[in-house]
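Starting off, we have a lone chain in the form predicted on its own, written out as structure tokens.
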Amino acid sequence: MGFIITFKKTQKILLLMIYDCVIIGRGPAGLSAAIYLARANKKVLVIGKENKIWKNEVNINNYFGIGEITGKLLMEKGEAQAKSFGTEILNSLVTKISVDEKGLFNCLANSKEFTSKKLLIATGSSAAKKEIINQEDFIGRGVSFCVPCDGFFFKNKKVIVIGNGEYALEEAIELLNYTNDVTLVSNGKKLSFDKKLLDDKEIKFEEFIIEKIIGEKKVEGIKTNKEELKIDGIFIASGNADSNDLARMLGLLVENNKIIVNSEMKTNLSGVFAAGDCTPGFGQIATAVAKGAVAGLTISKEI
């Protein structure tokens, strides 16, 4: 389950936990996959917050064999079932994922990194992130949604990151690998983390509202509710990292806001799977559970 590394000078032993699978998403698909994996004696970690189904107090009456049940109770039962087989649950959000040279996957959540052999994205459907009225006109021409994908093109440029949460913070920190001129813009919202984290990294912060992007063929500046500013690039990282954001970090194929998978829930990147409403198909609890089961069985066979 992990590597043991010994340092002779200090005589300390560091145990690096490597999960068989980390599942991002605490909904029907993620928990369904966790049940199948944990039952096969795999070391599984589910990372996610309670989604909209958890908060649903309305009776669901079209789920096979259950009769009427609230979404909240259904999810509580599903999570308890997953835990009973040994699944670990982390009530947190993933802000960054990557794959290392050994083919292991690293997920950042709660300022901690979790490593696994396989990765399953089951974060539900993604909504379009609309922060500026004319942002679509500049996508690929100065507007981006992924620092690991496009940060290289902004070396030594003046860039802003739009967002007010930990996901935006991580994107801003990542940008420091390419430029020192990084400003986080909350677009009128309060920061959900301690501003000292920005100060420590020497990342500037502005709370103003962006009204529109200025430029002809590319981003040349922004018009705010206070003034006009010259900038070279905009990274949109509002809200939490959703399935599309996570897919971009790994270079997964996405069409119409859905992660493309085959019949075994495999993506185009070896070791990475997706299931539930973040993949194409009919958006129902029943189909999400089924896709999660397929993913869990496929991953179990590959480990």
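The first residue of the shown sequence is 1; numbering continues from there. What you are looking at is a predicted structure, and each value in this text was computed from that prediction instead of being measured.
We do not show the form predicted in complex with a small molecule, though everything after this point is about it.
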query: L45 within 4.5 Å of the small molecule in the model of the complex, heavy atoms; finding: no
query: Contact label in the model of the complex: I60 to the small molecule, heavy atom within 4.5 Å; finding: yes
query: Contact flag, G142 vs the small molecule in the model of the complex, heavy atom cut 4.5 Å; finding: no
query: Contact test in the model of the complex: L37 vs the small molecule, heavy atoms, 4.5 Å; finding: no
query: Contact stretch among 197-205, 226-234, 122-130, 210-218 - heavy atom within 4.5 Å of the small molecule in the model of the complex; finding: 122-130
query: Sole residue of L93, C146, L191, V99 within 4.5 Å of the small molecule in the model of the complex, by heavy atom; finding: L93
query: One residue of V261, A247, V272, A241 in contact with the small molecule, assessed in the model of the complex (non-hydrogen atom, 4.5 angstroms); finding: A241
